[in-house]
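Before any questions on binding or motion, here is one chain by itself as structure tokens, the form predicted alone.
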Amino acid sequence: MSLLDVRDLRVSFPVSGGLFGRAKTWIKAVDGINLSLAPRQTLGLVGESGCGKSTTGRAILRLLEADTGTISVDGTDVRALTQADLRAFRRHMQLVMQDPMSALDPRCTAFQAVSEGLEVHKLAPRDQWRDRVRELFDLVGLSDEHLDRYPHEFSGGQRQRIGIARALAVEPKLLVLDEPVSALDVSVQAQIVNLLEDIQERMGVGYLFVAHDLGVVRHISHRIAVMYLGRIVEEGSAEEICQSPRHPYTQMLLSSVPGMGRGKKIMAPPMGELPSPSNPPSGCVFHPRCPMATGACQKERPTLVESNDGRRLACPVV
């Protein structure tokens, strides 16, 4: 059984305008995607800024409400939960945010931030909180001296470690990591990625790793799904996607990462800017930027077809 199973997920946002601020048009941020994640595995979700990656992660956690689709986490239909049941179930699925400074309350110490989940979900008596937080700090590479410090007293990497410890305090089965290293220095990025791999090995938690950097995603992911303008265009094992990308957009993403495109027959970075999600192109949404596009690409929306080796591809041209 999959830890995470997403089917036909759609999320749209109204663009107000006209009389009385009524919705003039709708932005399809997530347009009918399917995803699955096995236990103790990492699924990397990659794409340019504005493609719908973060919206997908937040919709899975029900921080945003989806228009349609099913979201199953460890066999539980998340969209069917009442607010009371959802509050209790949140301990099984947690979020690590991109900006660790804004994710932490400046008025709370690190101990208070991490122990909050223990209190909300009643996971331990109050007299055991400090020992539990010490264990979590040791797990993420922090020490006792950090317990009573405030967020502004930490470096960016240390704040992200606190964010990870806070998410792990409630013993989740699924972590949605929303650009967890993009705000950090390169050397610190490697430390956090290695930390996440160690935690997965020890605790068996599954990761949905949202990022735009294929170099980082390749290092940590078992599978990679490539997203463009609200749709999945290619999915496969991390090795398949990075060694033999098939979709023109995946090839172009790889070519933009120094060193990753070397020696591969891949295309140059995409021409032009990402089209507006409020007015997406007809047919294949990538066709205005694709050098391989044909007349059919402008008329027909390609379906995501799975091959015998498990790779999924939405491109009839290749």
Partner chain sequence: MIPMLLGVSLLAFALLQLSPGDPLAAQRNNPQVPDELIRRIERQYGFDKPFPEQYALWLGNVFHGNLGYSFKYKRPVADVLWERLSATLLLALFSSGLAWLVAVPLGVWSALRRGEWIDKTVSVIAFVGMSLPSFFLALLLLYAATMMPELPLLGRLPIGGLTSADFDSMGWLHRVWDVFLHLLIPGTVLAVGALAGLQRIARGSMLEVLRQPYVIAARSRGLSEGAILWRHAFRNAANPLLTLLGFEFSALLSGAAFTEIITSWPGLGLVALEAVRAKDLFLVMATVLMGSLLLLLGNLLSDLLLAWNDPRVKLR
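Since this is a predicted model, take the numbers as computed values, not measurements. Positions refer to the first chain, counted from 1.
Just so it is clear, the following notes concern the form predicted in complex with its partner chain, a form of the same protein that is not shown.
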Stretch from 111-119, 214-222, 180-188, 198-206 whose residues place a heavy atom within 4.5 Å of its partner chain in the predicted bound form: 111-119
Contact residue in the predicted bound form, chosen from 76, 128, 243, 102 - any heavy atom within 4.5 Å of its partner chain: 102
Residue (of 238, 123, 139, 97) lying close to its partner chain in the predicted bound form, criterion heavy atoms within 4.5 Å: 97
Heavy atom of residue 166 within 4.5 Å of its partner chain in the predicted bound form: yes
Partner proximity in the predicted bound form: residue 38 to its partner chain, non-hydrogen atom cutoff 4.5 Å: no
4.5 angstroms heavy atom contact with its partner chain in the predicted bound form for residue 292: no
Interface membership of residue 90, its partner chain in the predicted bound form, 4.5 Å heavy atom rule: yes
Contact check for 58, 63 and 107 against its partner chain in the predicted bound form, heavy atom at 4.5 Å: yes
Partner contacts for 136-154, taking its partner chain in the predicted bound form and a 4.5 Å heavy atom cut-off: 150, 152
